[in-house]
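Heads up, the chain below is alone and in the form predicted on its own; it's given as structure tokens.
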């Protein structure tokens, strides 16, 4: 199992002004944490609670259908192109970047064992879209369109462009190049998929986009590029079992949630930095930023009171950002808690040759890059404690399907527990919906005419 080291948040190490009395806080909150964990597990099967993501590790039927589809299309496509934004793409990017061989899309077909390249079109920048259309042969590309609502403007505009090109190039056969992941019954994409005859997968009810990584949203692209989705699901199930423990002293998601919550509300440390010491885990930070920001950033609490809650997540990468951000973290405002992700065993070992022994860099010879990056992680953690800066460290034995799944699921549960501590709705996103509605109005969507007039007036005044 992955491990959490929170010692460097304790007042005994970083002082009373910036640290917590962890043993005392765990004791003070043990009953509240036990109640939250029990309550989340009791509510997860109830419609409208948006907790069905807690059951995704047990959906054997979806896993079977995904594996069957991946087997059916194996060898037919050179490329997978995922169309999605936010939760429909960030988890997929995080996991494939972590688990595929580095520089996967630059490897030869032989080096990829005949498996396809994978691309995520997760924005609507016209230069990026045109750029990817120039390098991909769409006739040899399987396009996975992902949107639960079925009317996400960014994703559906991409789909419309690519569907038009595919139909012109392949005629009626273009349908074989599209697979849709959307709502079971509702939405425009569901309607179009049924009408056009696409292969489809379902985003389950009561699973929000940022919690959808272990549904077909993630599992379909993972299986298509050869990742072991059985091991992904095993990691989720084992972590889920561990996190059902209501004892905060045994539950790392509860520990992380409570420490982050108290650092924010008690000590004013409202910036939450995620800093993996592994380039393969770089995009886990991007995924975490959405998970934390969209879930916990809320104007009102569950009592209707205006609270403007939510710590701000920040992404960083070790050791890269030791040379860009750590100066600020050490000597700037002490308003952050930094979470490191440390990998115990990398897939490969790279030795530094014993050359230039007569110079100031000779000490590096005979060591490994593996030694160096973990020495950087450990020294940064200690240096931050010297400056009384709180840090936690999540340790993974290795970067593989089982451990990465554990990590992501643990962070999802940590977020859900934190939301209960803040007493906010973790699963809605009203601040996002407002901007979406304004976009619909500007683009002339039917039903938004009045909003368009209001928006035009506001834009004239700004």
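None of the values given here were measured: they were computed from a predicted structure. Residue numbers count along the first chain shown, from 1.
The next section is about a form of this same protein that is not shown, the form predicted together with a small molecule.
Taking the partner from elsewhere, residue 436 is found to have a heavy atom lying within 4.5 Å of the small molecule in the model of the complex. When contacts are judged by a 4.5 Å heavy atom cut-off, residue 294 counts as touching the small molecule in the model of the complex. Interface residue remark: residue 152 is counted as part of the site for the small molecule in the model of the complex, having a heavy atom within 4.5 Å. Although the partner is absent here, residue 85 lies within 4.5 Å of the small molecule in the model of the complex, judged by heavy atoms. By the 4.5 Å heavy atom rule, the three marked residues 148, 209 and 429 all count as contacting the small molecule in the model of the complex. Of the candidate stretches 224-232, 163-171, 297-305, 209-217, only 209-217 contains residues with a heavy atom within 4.5 Å of the small molecule in the model of the complex. For the candidate set 290, 246, 200, 79, a heavy atom within 4.5 Å of the small molecule in the model of the complex is found for exactly one residue, namely 290.
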